[in-house]
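Next up: just one chain, as structure tokens, the form predicted on its own.
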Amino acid sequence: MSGDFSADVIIVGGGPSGVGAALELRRRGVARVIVLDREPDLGGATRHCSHSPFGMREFGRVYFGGAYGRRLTREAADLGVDVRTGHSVVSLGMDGVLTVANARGVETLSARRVMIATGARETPRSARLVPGDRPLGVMTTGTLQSYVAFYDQMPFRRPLIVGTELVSFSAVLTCLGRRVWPAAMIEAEPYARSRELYTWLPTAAGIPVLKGAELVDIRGSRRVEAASIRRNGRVSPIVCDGVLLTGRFTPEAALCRQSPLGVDPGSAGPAVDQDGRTANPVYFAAGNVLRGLDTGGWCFREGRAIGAAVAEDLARDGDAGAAVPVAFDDPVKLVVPGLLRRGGLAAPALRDFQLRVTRRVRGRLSLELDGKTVWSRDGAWMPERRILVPIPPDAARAEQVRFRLAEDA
């Protein structure tokens, strides 16, 4: 590339993290910032959340999901962000060249830096390998909320909700807001995957919350008529007219997977360093593409922090040097950042390691730098719960970085 770029920074994804980054880049004087999103409006998954709260820490007030998306749009317009909706990025080039499909056809855009902020998606039935009939009425929370928000339709009256992650309770709110009472809420684990206090909502509404219950079958000729669950070794039917498969989020990282960037096997998203920089220093990433699911507010703040790092990176000479991978042992599922660079920015965008575990475990979590333990804590660690460990100031100078989790006997 000769320097004839389409923009200084192109951001792929117009959800909270992508817009947060764009706003920060413009505030720091970066002139040409383009946000590309395949949907017709900004906001990402928040657009079809017909409930609150969104925006409390970003904007000092509470918004419903759709209104939050519109606020993001106004903020981007006010700061002169070049927003291009209806644009789908189909490939990433190593030098910041993107192939983009839109209503006019296929075009090429390029930038000095590119940020990937494509978010995450729920795991559908096909990937869960749920057997049985294939009737209408089996969907994810996102699909349900799209029906409600965009088409004012509720596709069932008594669904079975599968899962107890935070988004599962969002599904409960969506149902109750339309006077729909789920038949039950089930969880394969013997505990709720989100905080137990959230189970007060379905319990107060008279919705049974069945833990240790696994979905094994779906029945129905045209529409869902019943589902079978296995609990305490016994299989029993639940009469319902829909099945909501909630959670089990995975990063929307197909672009990275199909490019030389690749993905981290633990997170299934792109690996980044303490400044949000990927293995290719032209590309950065932020938000739920890094690890599955966090809240919209968390992603917005993370996008702003990494947007600031991109702005600083554009202004400095030299590169950040080679990356040292952050290793970890089972049952740790992922660590973000998964890379550390000695030549990172003086004030890193990511101040903490964020960890997730694969299952409920009690024991000592520790961080080792070059074989020496520099941080440890005993605790009960839960899956899908954010675990934050401060990044030590000298971590980027280590040649080996590893997390260990020693389970109690």
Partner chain sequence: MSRISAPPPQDLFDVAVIGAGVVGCAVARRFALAGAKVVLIEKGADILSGASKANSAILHTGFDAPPGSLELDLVRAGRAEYLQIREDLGLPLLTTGALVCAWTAEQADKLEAIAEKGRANGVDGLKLLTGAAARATMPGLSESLISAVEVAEEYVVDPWSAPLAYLTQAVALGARFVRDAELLKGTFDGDWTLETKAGPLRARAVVNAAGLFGDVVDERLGFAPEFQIRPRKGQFVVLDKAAFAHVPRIVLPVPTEITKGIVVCPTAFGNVLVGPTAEEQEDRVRATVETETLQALLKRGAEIVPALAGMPVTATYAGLRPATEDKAYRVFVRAEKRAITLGGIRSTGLSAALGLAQHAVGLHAAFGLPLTPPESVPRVRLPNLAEPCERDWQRPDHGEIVCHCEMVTKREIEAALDSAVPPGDFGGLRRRTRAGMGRCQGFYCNAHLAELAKGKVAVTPCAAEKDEDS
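Numbering follows the first chain given and starts at 1. Note that the coordinates shown come from a computational prediction; the quantities given were computed from them, not determined experimentally.
One more form of this protein, predicted together with the partner chain, exists but is not displayed; see below.
Quick check for you: of 304 to 312, 182 to 190, 72 to 80, 122 to 130, which stretch puts a non-hydrogen atom within 4.5 Å of the partner chain in the predicted complex?
Comparing against the partner chain in the predicted complex, the contact stretch is 122 to 130.
Heavy atom within 4.5 Å of the partner chain in the predicted complex - residue from Glu252, Asp275, Asp264, Glu165:
Exactly one residue meets the criterion: Glu252.
Just to confirm, with a 4.5 Å cut-off on non-hydrogen atoms, which of Gly233, Gly206, Gly105, Gly318 contacts the partner chain in the predicted complex?
When the partner chain is considered in the predicted complex, the option within 4.5 Å is Gly105.
Interface membership of Ile218, the partner chain in the predicted complex, 4.5 Å heavy atom rule:
Taking the distances in the predicted complex, the answer for Ile218 is yes, it comes within 4.5 Å of the partner chain.
Hey, in the predicted complex, is Arg38 touching the partner chain, heavy atoms inside 4.5 Å?
Contact with the partner chain, yes.
Indicate whether the partner chain has at least one heavy atom within 4.5 Å of a heavy atom of Leu201 in the predicted complex.
The answer is no: Leu201 has no heavy atom within 4.5 Å of the partner chain.
Quick one: does Ser146 come within 4.5 Å of the partner chain in the predicted complex, counting heavy atoms only?
Although the partner chain is absent here, Ser146 would touch it in the predicted complex, with heavy atoms inside 4.5 Å.
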